[in-house]
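What follows is a single chain, given as structure tokens, in the form predicted alone.
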Amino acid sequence: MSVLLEADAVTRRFGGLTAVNEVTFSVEEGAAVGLIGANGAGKTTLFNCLTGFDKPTSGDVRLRGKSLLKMARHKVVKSGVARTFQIVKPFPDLPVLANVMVPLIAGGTKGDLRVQAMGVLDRVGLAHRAASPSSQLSEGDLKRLEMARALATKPQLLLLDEPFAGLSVAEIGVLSDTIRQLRADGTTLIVVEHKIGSLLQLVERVVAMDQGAVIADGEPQAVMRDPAVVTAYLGGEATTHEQH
């Protein structure tokens, strides 16, 4: 498979704090990669750098070999990179369908936007709530709406930031099935998640971060046994069970 995304020595400093420290890794087209680390490890800041929400202090981010650093945020989305957020913020007074139509309109999408938005909602199992105000959705359905809004931009690469946070076991199961289907449809995925057991069922590779730097990168079970990961993230006890 060809390389889709490259992070090349990406560093982000905030004054004297180095939030992301020379992070280098690549993601092949069609892959599903987990990004793990304790709170404050730099995961969301890295996501921000990869998606144009923040500019690295140094280093480069490339999509199919082309640097994204000088692109405006909407141009990064247009190039094929979309993300979700830990805190879901839909337009609460708008119906679910309209929430998904907004990114279609913003992206200058042609054709019947209502039909296209319904197609996206169907992909995430939310078509039956199309007419509901988003303020009436459960936490699990809000996460699926967040995913639908990102998918409406037709991304080649989708970055999911803690998609399972706040969800019940049943809701995680439903959303996991949706994520598997997205990958089957050809979407490349990078997933930040603290619920390790659920994450390991979705990805074939894990990148672990600590204090802004990558400390392990490879096959999930090997990464979870890595002494540096055990010490920094799992509190000194190797496990593949849920970590909250």
Partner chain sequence: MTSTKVAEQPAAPSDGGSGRPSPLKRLLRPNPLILLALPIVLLYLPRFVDNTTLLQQIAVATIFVMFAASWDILSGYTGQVNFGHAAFIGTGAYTVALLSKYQPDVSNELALLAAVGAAALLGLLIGIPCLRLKGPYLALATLSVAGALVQLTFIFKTQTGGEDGIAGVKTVIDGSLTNTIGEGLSKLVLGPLTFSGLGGFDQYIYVSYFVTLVFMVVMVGGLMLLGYGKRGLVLRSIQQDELAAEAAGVPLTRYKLGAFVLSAACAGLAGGLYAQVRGTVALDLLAVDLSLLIIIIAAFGGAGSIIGPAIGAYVVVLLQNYYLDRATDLFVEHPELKIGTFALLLIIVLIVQPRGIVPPLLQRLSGRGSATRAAGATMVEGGGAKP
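Positions refer to the first chain, counted from 1. From a predicted model like this one, the values you see are computed outputs, not experimental measurements. In this text, the rigid core denotes the largest set of C-alpha atoms whose superposition between the two forms falls within 1.5 Å.
Below, we refer to the form predicted together with the partner chain, which is not included among the displayed structures.
Contact annotation: of the candidates Leu159, Leu145, Leu167, Met101, the single residue with a non-hydrogen atom within 4.5 angstroms of the partner chain in the predicted bound form is Met101.
Put simply, Asp93 is close to the partner chain in the predicted bound form: some heavy atom of it is within 4.5 Å.
Shown alone here, Thr153 lies within 4.5 Å of the partner chain in the predicted bound form, counting heavy atoms only. Of the heavy atoms in Ser138, none are within 4.5 Å of the partner chain in the predicted bound form. Asp177 belongs to the set of residues with a heavy atom inside 4.5 Å of the partner chain in the predicted bound form. Within 4.5 angstroms of the partner chain in the predicted bound form, the stretch 131-148 places a non-hydrogen atom from each of Ala131, Pro133, Gln136, taken in sequence order.
Put the two forms on the same core and the Cα of Gly173 is off by less than 2 Å between the shown form and the other one.
Core-aligned CA deviation for Thr109 between the shown form and the other one: 2 Å or greater.
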